[in-house]
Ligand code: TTP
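Next up: just one chain, as structure tokens, the form predicted on its own.
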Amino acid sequence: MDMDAFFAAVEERRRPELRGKPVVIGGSGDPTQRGVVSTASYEARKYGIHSAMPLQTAYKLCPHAVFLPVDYDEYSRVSSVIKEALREISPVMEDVGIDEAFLDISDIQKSSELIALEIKEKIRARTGLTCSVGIASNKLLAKIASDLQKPDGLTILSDADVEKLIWPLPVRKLWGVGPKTEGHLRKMKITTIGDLAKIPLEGLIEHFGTSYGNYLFEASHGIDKAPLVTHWEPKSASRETTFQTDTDDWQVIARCLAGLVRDVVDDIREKGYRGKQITVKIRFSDFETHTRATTLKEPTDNLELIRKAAFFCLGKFEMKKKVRLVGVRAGLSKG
């Protein structure tokens, strides 16, 4: 189950006058400032706007779009309502993000189509929003299926549909295939999933190594053995801030880092975790990015100890250029 342009849809629900207009959600909602697009409505996507695009670029593509700030508290509240509805249909659920989830429906004594329609109706009744549902024998195919008929889509894939419906799709539709892999595959004259499926396993292992080569081979044939993960422990807690103007003012950088550390510590305390490895990230004005890390003697949620560790890491950077972004991450252990 994948919600349709979720953040934008929530904003349109509470402000109906936005419907039919290009809506862009991101950052503070000011496209003249730094920030990235979190979600764009389908009307905005027609102008080439997509998530992770700089807001300033989105503004150039569509200056008459409505730009709004991210209201994460409201999106999280609506997400909780959606996930509660999904658990009523199947308690075996993998929550994979604020706007999507996998359900195991193999033990439900109804047809796949009826289950999908029930999912869509429950979500519409409780939130006024639409979602797209993909049903298949594994997570990989179900995820791809959910994207085939957006918005408000319903696609049921059988294993026999792989060659006809999956192979013509771009290789980027496969999990784990990013721009770097896509570029490498393009040099091999591979642009579709079907092209990839024609490459022998030995050839993929030769180019990508045993693990990733095996994955690409199986994924291109619609094979995915990954189980639903119904519970997982976070490995880290992190925060980062992009400055509106690049700075070399140490006091500004230090105040920012101290605030980020405080937020991380509040987060891990709330969830009952402790931090041990502390990492600070600095992105300079030329986008060159470096990290420095240190490991504490014992896992802790003590603000002062974690702050000292973060500033120890900060002291290991050569500040010869202005700074664009500061981030901090704490590797976690339970209790």
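Given the structure is predicted, the values throughout are model-derived calculations rather than measurements. Note that residue numbering begins at 1 and tracks the sequence as displayed.
Just so it is clear, the following notes concern the form predicted together with thymidine-5'-triphosphate (TTP), a form of the same protein that is not shown.
Using a 4.5 Å heavy atom cut-off, which residue among 28, 302, 51, 57 comes into contact with thymidine-5'-triphosphate (TTP) in the predicted complex?
Exactly one residue meets the criterion: 51.
Looking at 34, 292, 269, 45 here, can you tell me which has any non-hydrogen atom within 4.5 angstroms of thymidine-5'-triphosphate (TTP) in the predicted complex?
Contact residue from the list: 45.
Determine which one of 94-102, 172-180, 207-215, 133-141 lies within 4.5 Å of thymidine-5'-triphosphate (TTP) in the predicted complex, judging by heavy atom distances; exactly one does.
Among the listed stretches, the partner-contacting one is 94-102.
How about residue 332: is it within 4.5 Å of thymidine-5'-triphosphate (TTP) in the predicted complex, going by heavy atoms?
No.
Is there a heavy atom of residue 150 no more than 4.5 Å from a heavy atom of thymidine-5'-triphosphate (TTP) in the predicted complex?
Yes, residue 150 sits close enough to thymidine-5'-triphosphate (TTP) in the predicted complex that at least one of its heavy atoms falls within 4.5 Å.
Residue 328: heavy atom within 4.5 Å of thymidine-5'-triphosphate (TTP) in the predicted complex?
Residue 328 lies outside the contact set for thymidine-5'-triphosphate (TTP).
Residue-level question: is residue 279 within 4.5 Å of thymidine-5'-triphosphate (TTP) in the predicted complex, judged on heavy atoms?
Judged by the heavy-atom cut-off of 4.5 Å, residue 279 is well away from thymidine-5'-triphosphate (TTP) in the predicted complex.
Heavy atoms within 4.5 Å of thymidine-5'-triphosphate (TTP) in the predicted complex is the criterion; list the residues of 1-17 that meet it.
Contacts from 1-17: 2, 3, 4, 5, 6, 7.
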